[in-house]
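Taking the form predicted alone, here's one chain by itself in structure tokens.
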Amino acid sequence: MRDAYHEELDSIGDDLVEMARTVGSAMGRATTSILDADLSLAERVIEADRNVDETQHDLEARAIALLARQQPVATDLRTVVTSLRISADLERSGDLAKHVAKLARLRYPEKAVPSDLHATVLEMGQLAQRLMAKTAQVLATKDVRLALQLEQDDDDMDTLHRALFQHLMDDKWEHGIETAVDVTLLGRYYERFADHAVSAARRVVFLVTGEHAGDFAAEDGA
């Protein structure tokens, strides 16, 4: 009975890794769809988000069932509760990729991103993918050091987000209010995606150490 219980815990962990990889890929494809005004690709990203939602609901049901049947304590309890929270982070990340794709669909056949911001948005999309790929690796390996490194990558996303806003506030902005709103939303989607990737990684730090990421980093550096 206990072997089946731990197999189920391991299965939930494996599904979280796959979920992270899926939403990272979704954001990459969503970025391509919005930069290239690729309607077909945008539609596929939007449709595929249903699978992410279904996975999250399934993980939630399985985790709650484990809580009810096994009444786990200590590390096992942390594992189940942390898995619930991570799955919510990843599901929200999938929603953000879907939002990017929906913006691409809304503006089709026009491109939502002006050519002078193409490079910045591309960099934000690539960084978002790298962040989530690291999160997937953290989930798979429980590597606390790698989890803490994501903070620096998140700082890089914040820098790109600020650069985007500086461009919008420039007196030379000539793309109109609608495009300014689109770009503002887009920047927010990437920033929040990065935040969720970091949040999921921080939860792994808590799972492994029993301490929150900030507290652990402070003690480790002391």
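Everything numeric in this text was worked out from a predicted model, so none of it was measured. Quick note: we count residues from 1 along the sequence shown, nothing fancier.
Here the subject shifts to the form predicted together with another copy of the chain, a form of this protein not shown in this document.
Proximity of residue 152 to another copy of the chain in the model of the complex falls outside the 4.5 Å heavy atom cutoff. Another copy of the chain is not drawn, but in the model of the complex it has a heavy atom within 4.5 Å of residue 189. Although the partner is absent here, residue 115 sits far enough away that none of its heavy atoms falls within 4.5 Å of another copy of the chain in the model of the complex.
Not displayed here, another copy of the chain is approached by residue 64 to within 4.5 Å at the level of heavy atoms in the model of the complex.
The contact with another copy of the chain in the model of the complex, taken as any heavy atom within 4.5 Å, belongs to 81 out of 140, 133, 144, 81.
Across the options 22-30, 64-72, 152-160, 37-45, residues that bring heavy atoms within 4.5 Å of another copy of the chain in the model of the complex belong to 64-72. Looking at another copy of the chain in the model of the complex, residues 102, 180 and 184 each place a heavy atom within 4.5 Å of it. Residues 165, 168, 169, 173, 176, 177, 178 are the members of 157-178 with a non-hydrogen atom no more than 4.5 angstroms from another copy of the chain in the model of the complex.
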